[in-house]
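Quick heads-up: it's one chain on its own, the form predicted on its own, in structure tokens.
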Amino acid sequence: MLKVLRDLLKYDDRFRIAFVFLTAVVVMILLSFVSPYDPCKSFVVPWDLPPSREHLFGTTSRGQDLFWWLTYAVRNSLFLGVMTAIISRVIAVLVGLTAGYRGGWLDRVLMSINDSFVILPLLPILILLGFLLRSRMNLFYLAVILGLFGWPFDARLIRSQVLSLKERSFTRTAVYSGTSGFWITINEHLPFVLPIVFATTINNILWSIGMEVTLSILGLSDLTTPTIGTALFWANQHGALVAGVWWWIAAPTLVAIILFLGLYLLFMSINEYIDPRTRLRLIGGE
């Protein structure tokens, strides 16, 4: 692991940029645990103050220090993304491994379900669920809902990899030796699909945070919990741009850009590194 980190830091500019951006995000998350302000309380500081040394990102019309409030927002948004990714990865791995190895009628049934989820109009469904569950919607419920819809593309990708692995000699050797199908998928196939799972996890985190921002701006998430989306919602509700409180929109937008760019560049860098051909080109054949 340390060798991989060393190689990426040494040879990949994208990973270095991602490392800097994500380090800044991690610092913000750690600072949330020592915040001098309760994010649920309003009018604890003078309102509508521009960025300054005392208030790094300025203050809002709700009397909240924007920097410290965003430390909670980043932590909660990333928690949502990670929870969604874990749930959707478990489903994608189970469906992809089972469909790819078992084949036959089970493969057809699972892929029919998979394709049904692919063609579902996701945003209207999430808006409807947001209305129906509005009184009970929190980050955990939202993560579960997004996780249940975020797996089909990656399940098909895993299935295609397993279909190739099933024809390899080591799989046939395991079958002839009497190894059960379950242990073949766990011991022989799962290690080969883990790089795909890891790479798509980052992509899924990006997707889920983006969906949370969309739902929050529409007012369909838990608006009492600080997230990047709820920051933009309250800024819009208070007419921040009209009132000239531009930093209320600029600060969460900047934080979102840093988080999204950091995760995207990390995804691109890792995705290239796990391919042996591009990895050799990246490190100069060492």
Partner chain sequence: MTSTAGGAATAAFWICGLQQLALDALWYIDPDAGIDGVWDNALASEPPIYNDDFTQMTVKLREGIYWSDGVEFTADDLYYTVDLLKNTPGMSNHGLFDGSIDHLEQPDRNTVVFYLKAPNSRFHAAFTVRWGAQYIMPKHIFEQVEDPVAFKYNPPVSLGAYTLRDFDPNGKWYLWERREDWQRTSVARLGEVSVKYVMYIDPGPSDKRVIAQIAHELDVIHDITPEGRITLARESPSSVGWFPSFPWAHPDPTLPAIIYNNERPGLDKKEVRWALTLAIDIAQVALASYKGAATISAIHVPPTGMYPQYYHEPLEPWLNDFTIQVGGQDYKPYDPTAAQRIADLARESLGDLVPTDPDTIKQYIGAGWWKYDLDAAEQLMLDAGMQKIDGKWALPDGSPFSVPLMSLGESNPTMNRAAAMVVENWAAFGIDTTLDAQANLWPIMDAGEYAAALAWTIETWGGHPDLFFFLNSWHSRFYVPSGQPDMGSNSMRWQNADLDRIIDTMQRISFDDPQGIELGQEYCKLAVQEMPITPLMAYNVFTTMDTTYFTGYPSIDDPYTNPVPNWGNTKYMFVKVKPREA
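Note that the structure is a prediction, hence the values are computed from the model and not measured. Positions refer to the first chain, counted from 1.
A second form of this protein, the form predicted together with its partner chain, is not displayed here; the remarks below concern that form.
No member of the trio Arg16, Val82 and Pro195 reaches its partner chain in the predicted complex with any non-hydrogen atom inside 4.5 Å. Across the options 215-223, 50-58, 65-73, 23-31, residues that bring heavy atoms within 4.5 Å of its partner chain in the predicted complex belong to 215-223. Proximity of Ser35 to its partner chain in the predicted complex falls outside the 4.5 Å heavy atom cutoff. Shown without its partner, the chain has Leu218, Gly219, Leu223, Thr224, Phe233, Trp234, Gln237, His238, Gly239, Leu241, Val242, Ala243 in segment 213-251 as residues with a non-hydrogen atom within 4.5 angstroms of its partner chain in the predicted complex.
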